[in-house]
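A single chain, nothing else alongside it, follows as structure tokens in the form predicted alone.
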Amino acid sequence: MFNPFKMFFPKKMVGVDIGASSVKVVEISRWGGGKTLENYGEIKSDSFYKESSDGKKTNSEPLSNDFISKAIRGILDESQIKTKSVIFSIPDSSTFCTSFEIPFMTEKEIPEAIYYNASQYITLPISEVTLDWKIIPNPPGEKKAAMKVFLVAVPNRIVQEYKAMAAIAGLKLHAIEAEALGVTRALIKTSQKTVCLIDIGVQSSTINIIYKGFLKSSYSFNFNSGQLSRIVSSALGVDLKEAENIKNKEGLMHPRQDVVKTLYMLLDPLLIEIESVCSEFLYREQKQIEEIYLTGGTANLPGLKEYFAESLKKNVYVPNCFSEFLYPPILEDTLRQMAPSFSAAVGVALGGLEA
């Protein structure tokens, strides 16, 4: 039905990414073919925790949904975000992703086939998870070939937690989406190349393979950027907060070679995993990875892009999730620096605008 109000009022959506190191919120809008970054906000996780008797922060206990909801509400109020519709990004560690094929069938038959096949891949009972999936288009000329499915399963318990958080924060839950899908939407855009997208997080990392804009596979690993901060802390004899600042400022360009060599040793297992995933994709799909993308807060680590390019013999990029948005020019440098950390929040919000 034609809605005249759509001609005068842009559609707005809020994206929320609850990470291990911070909670990030973005408000974006679409008016016709243009996208605008309306507002954004972030609160670091270390500010959530009270100091112990010895003056140190402790984060051994998980935060309650009520506490996180209040933190989100605080960001919304501080950033003056009025939009109520929200989409949450679910961490890869809380989701299960897999891909498989089903015979060609009508759109009406697909859900039943996916639920039937899902039980073969998911360890939890199907009754205890919520499923989401995407059908990966076949090449032209193979329209009736087997259909490729990318499946995401989220425990119902986690879905209920996100619903509760939205309600407490005074938001209207539009959807929840796996982080890997949101990041892919935010960064791949119109690229038709075969890309390996590496999301380096504070607690874990994810390696995603994207072919012509569609997520084909996603693998999570234990590697995390916290390891890098701890080794800098140990090597230089400084606390973790200072080590984090030194790592972010100097990274693999640090003047002390013993620190750099140790960082290389920590990064090399991740490089081995990336090479393994890319080789497995080449064997299975007969397609070479053409480019490497880095995202997550560690993507901006000085020297990291160059080290990955040298080691993997590929072009390596740190894409900017804000590159296609309208925003005040004064924010250009700030947004470029923070973009890798906000790719999940931006990606899920974009999904709401496209729906």
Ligand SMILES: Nc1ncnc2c1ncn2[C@@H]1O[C@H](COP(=O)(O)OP(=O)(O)OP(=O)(O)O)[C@@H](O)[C@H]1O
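Quick caveat: nothing in here was measured; it's all calculated off a predicted structure. The first residue of the sequence shown is number 1, and the count goes up from there.
The form predicted in complex with the named molecule is left out here; the points below concern that form.
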In contact with the named molecule in the predicted complex (heavy atoms, 4.5 Å), from 114-122, 98-106, 259-267, 196-204, is stretch 196-204
Would the named molecule in the predicted complex be within 4.5 angstroms of a non-hydrogen atom of every residue among Gly182, Thr184 and Gly352? no
Does the named molecule come within 4.5 Å of any heavy atom of Gly296 in the predicted complex? yes
The named molecule contact at Leu331 in the predicted complex, heavy atom, 4.5 Å: no
Taking heavy atoms only, is Glu161 within 4.5 angstroms of the named molecule in the predicted complex? no
Taking 4.5 angstroms as the cut-off for heavy atoms, does Asn248 touch the named molecule in the predicted complex? yes
Within 4.5 Å of the named molecule in the predicted complex: residues from 298-327 (heavy atom criterion): Thr298, Asn300, Leu301, Pro302
